[in-house]
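Single chain ahead, by itself, as structure tokens, in the form predicted alone.
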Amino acid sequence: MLRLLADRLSRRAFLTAATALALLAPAAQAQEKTDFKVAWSIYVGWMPWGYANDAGIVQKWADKYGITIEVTQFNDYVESMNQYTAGAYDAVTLTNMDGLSIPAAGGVDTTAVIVGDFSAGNDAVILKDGATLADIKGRVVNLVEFSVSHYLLARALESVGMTEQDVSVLNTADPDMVGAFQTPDVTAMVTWNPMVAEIAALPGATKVFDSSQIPGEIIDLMVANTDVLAANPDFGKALAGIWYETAALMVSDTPEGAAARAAMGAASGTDQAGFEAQMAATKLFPVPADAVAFVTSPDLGATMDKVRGFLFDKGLLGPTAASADAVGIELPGGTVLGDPANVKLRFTDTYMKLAADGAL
């Protein structure tokens, strides 16, 4: 498969490539099929997908609906989204912001099937030899450019009356974060767990801002290609079944739950205690009714309005975008933010509600 983005290229470069591919490619034809591919990457809120695959839960729900689901782990988060956007995968784990800036702005109609959690401390600004956020002024900040880390930095700076003009941003791939922080030249970084936990434990490191200070704004999703989902609703039902069975186990106060958390911790490079610390910085939605309430709240629209404004300011809604309205975002109930003729990111409560109603 053609690699669309080198690790250190910005998402602006990828967006241009993705948009070009979308313009050149023929219109996708929705069709029924039985074989599906799901991509995920290491993050506390996405570890259930890998565990479910290893534990046979994916197989169980795929069998129920007479389909096959191949689940693939990516060590590079950006690359997982590249591959989904290029059409190599039917579904992928990503954040609300990245879903809008990469596949949706790249022309791939994408639906959020599962709202799994929001970050409540898992994303953080970390300084070396600095005590408060104000100490970031004038520094070079390493982060994955145009990702939720970039968004967190903007919101953090805003909270202390600064802007990005007060710092410099250096694009850094997420697999390189821990090593980079240990070099003398790196004194400020924004990243997510499990890197945050490892970096924060290093000598001289201090967390000065995290996502608990902007609750509900960095949302972790399982999304699927809208055309694929529309033609194959059983795929969405299977994804919901997999998530809620695994998430319930993940949070259960049982020996089986402890074993699951230990396994997820080991798979993410930590242990059970380390993983549970990351869970404490995550607002998980293991109960489907809670996820439905979150996604149907007016707060979601307000959050996505902030997000699309940030992306437009960064030039990430496409080279021809004249405003933040360029890419339409559909909310549950049919409300659309932006251009209703160009809806490319959709939030639905359909499959989470089926789970809440016991109808999977």
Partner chain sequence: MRAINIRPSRGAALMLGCLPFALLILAYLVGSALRLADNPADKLLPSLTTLATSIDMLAFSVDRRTGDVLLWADTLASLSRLGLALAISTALALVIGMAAALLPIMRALLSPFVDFVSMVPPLALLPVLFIVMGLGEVSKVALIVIGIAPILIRDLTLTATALPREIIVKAETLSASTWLIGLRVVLPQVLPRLIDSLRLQLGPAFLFLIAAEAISADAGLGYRIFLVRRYLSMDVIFPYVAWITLLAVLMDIGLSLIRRRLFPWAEGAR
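Bear in mind that the values here come from a model prediction, so they are computed numbers and not experimental data. Numbering follows the first chain given and starts at 1. For the two forms, the rigid core is made up of the largest set of C-alpha atoms that agree within 1.5 Å on superposition.
Beyond what is shown, the protein has a form predicted in complex with its partner chain; the following relates to that form.
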Non-hydrogen atoms within 4.5 angstroms of its partner chain in the predicted bound form: do V58, V71 and D90 all have one?
-> no
Its partner chain: the contacting residue among S119, T85, T191, N96 in the predicted bound form [heavy atom, 4.5 Å] | T85
Taking 4.5 Å between heavy atoms as the contact cutoff, choose which of P319, G334, G66, P298 touches its partner chain in the predicted bound form.
-> P319
Out of the stretches listed (249-257, 267-275, 161-169, 206-214), which one is close to its partner chain in the predicted bound form, meaning heavy atoms within 4.5 Å?
-> 161-169
Closest heavy atom of P286 to its partner chain in the predicted bound form, within 4.5 Å or not?
-> no
With the cut-off set at 4.5 Å between non-hydrogen atoms, does D129 touch its partner chain in the predicted bound form?
-> no
Partner contact for V144 in the predicted bound form: its partner chain, 4.5 angstroms, heavy atom = yes
Verify the contact flag for V108: yes if a non-hydrogen atom of it lies within 4.5 Å of a non-hydrogen atom of its partner chain in the predicted bound form, no if not.
-> yes
From first to last in sequence, which residues of 60-85 have any non-hydrogen atom within 4.5 angstroms of its partner chain in the predicted bound form?
-> D76, Y77, V78, E79, N82, T85
Does the C-alpha of N142 move 2 Å or more between this form and the one not shown once the rigid core is lined up?
-> yes
Honestly, after the rigid core fit, is S268 moving at least 2 Å at Cα between this form and the one not shown?
-> no
C-alpha of L249 moved at least 2 Å between this form and the one not shown on rigid core = no
